[in-house]
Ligand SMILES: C[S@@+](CC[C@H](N)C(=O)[O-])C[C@H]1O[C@@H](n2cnc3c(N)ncnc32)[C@H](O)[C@@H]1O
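Just one chain follows, in the form predicted alone, and it is written as structure tokens.
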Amino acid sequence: MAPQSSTESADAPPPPEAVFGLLWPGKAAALAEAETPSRARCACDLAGDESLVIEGDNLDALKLLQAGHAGRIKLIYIDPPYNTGAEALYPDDFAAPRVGRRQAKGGEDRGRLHAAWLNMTYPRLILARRLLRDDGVIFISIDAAELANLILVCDEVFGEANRIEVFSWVRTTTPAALAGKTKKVVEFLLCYERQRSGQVYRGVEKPVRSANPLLNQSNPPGELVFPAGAVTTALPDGAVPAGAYGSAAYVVELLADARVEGGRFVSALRLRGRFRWRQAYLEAQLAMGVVIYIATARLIPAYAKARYGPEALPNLIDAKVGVGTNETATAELRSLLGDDFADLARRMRPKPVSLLSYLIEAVCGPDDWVLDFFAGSGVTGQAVLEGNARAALCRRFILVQSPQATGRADCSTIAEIARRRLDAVVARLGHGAGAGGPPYGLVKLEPA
């Protein structure tokens, strides 16, 4: 690999010929495109502290955002075109023109398709990386058609060492019955950090379902003193005399009289038995909120954590972690726009709000910025607004969406769909004109 010259930007990818990775026709021009000035302008300041909906080409928007938001964004989520040629409201078929008279066939046609898609994606990822904080994270939705190419180009832009995971998201539980060789149940989410860190992503909190016995037959006998009020119980109110208790498997000795009032031992409880814990560990666990429980007159104690805390993210994202499917997403959009928009909602192919909420909660703090520059129907904005309302947070979003035509007079562009969705969410949450208007600014890019 050729060394980087002192004049090259440390934040720019090395020239294509200097790295091991993916090469395709037009790559050098795509890299140069990331460094050219924006062909658009906006009449307002993009560097403020309010959430934004930007209507315009996302490449121009990413360039304009550099001045005020470089190194400021905690989370980027994008759902770019999958390059499958499927019917959608947005272009999903990136075919480069043939050169000369030669008619390409088979794999050659597919190669042109990949190259055109990569030339669209590459400069946008370069600019997106510059907007991330040092501890920033990007999630990218994709399916199998461009997964391999996207991994290679992201390895180059973000660094292979900063690739965190390729998550599988269950997009449907009812795949097409007339599928070809396989039924497509999952799509993928690539996750990269700008700089790999020790940050632990917060998953779903595991519920406490059962108590665990505090006795273990293989441990030596020992004594534990449970402070007054620390042990809950189902025993009736009254005195509990010292003596031998337990069962054939677990012998427990109460070393001093105790008393129960209102479902709790109100006196200190001195027990002897084959305990899992020593006294210091017991006291530390009680300080952390662990609950000690005695269910019966046998006085066999058990413990349960008050809460386990969020688990690490599993690499399968499905209903078990509270995330819905494409069917959920379509129903959500219809509920906001109305049944007249059923076909439009289907063709938008939106993601469920629960997916975006899951990703945002996994990595974001209470005041962080979230960017989505393939905003579509605005689901990322909805997830931020609703999360803020639930927990009194102050996260802000930037959504970028082109004014791609929908073919409908009553909602003529995809950008307008996003605005309608957000306005419906704002109204539902009670942030109307009486509360200062919608909690986001609208920016329309104009030709420079």
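Note that residue numbering follows the sequence shown and begins at 1. Quantities reported herein were computed from a predicted structural model and do not represent experimental measurements.
Below, we refer to the form predicted together with the ligand, which is not included among the displayed structures.
Practice task
Have a look at 125-133, 169-177, 347-355, 284-292 and name the one stretch with heavy atoms inside 4.5 Å of the ligand in the predicted complex.
Solution key: Stretch 347-355 is the one.
Problem - Position in contact with the ligand when the complex is considered in the predicted complex, options 57, 33, 386, 416, heavy atoms within 4.5 Å - result: Only one option qualifies, and that one is 57.
Handout entry: Position in contact with the ligand when the complex is considered in the predicted complex, options 193, 79, 156, 368, heavy atoms within 4.5 Å
Key = Contact with the ligand in the predicted complex is made by 79 alone.
Exercise for the section: Decide whether residue 66 counts as a contact residue for the ligand in the predicted complex under a heavy atom distance cut-off of 4.5 Å. Expected result: Although the ligand is absent here, residue 66 would stay clear of it in the predicted complex, with no heavy atoms inside 4.5 Å.
Problem - Contact flag, residue 401 vs the ligand in the predicted complex, heavy atom cut 4.5 Å - result: Judged by the heavy-atom cut-off of 4.5 Å, residue 401 is in contact with the ligand in the predicted complex.
Exercise for the section: Please check if residue 379 has a heavy atom lying within 4.5 Å of any heavy atom of the ligand in the predicted complex. Expected result: Close contact exists here: in the predicted complex, residue 379 approaches the ligand to within 4.5 Å, heavy atoms only.
Practice task
Although the ligand is absent from this view, report whether residue 117 comes within 4.5 Å of it in the predicted complex, heavy atoms only.
Solution key: No - in the predicted complex, heavy atoms of residue 117 and the ligand never come within 4.5 Å of each other.
Handout entry: in the predicted complex: members of 246-280 within 4.5 Å of the ligand, any heavy atom
Key = Counting only heavy atoms within 4.5 Å of the ligand in the predicted complex, no residue of 246-280 makes contact.
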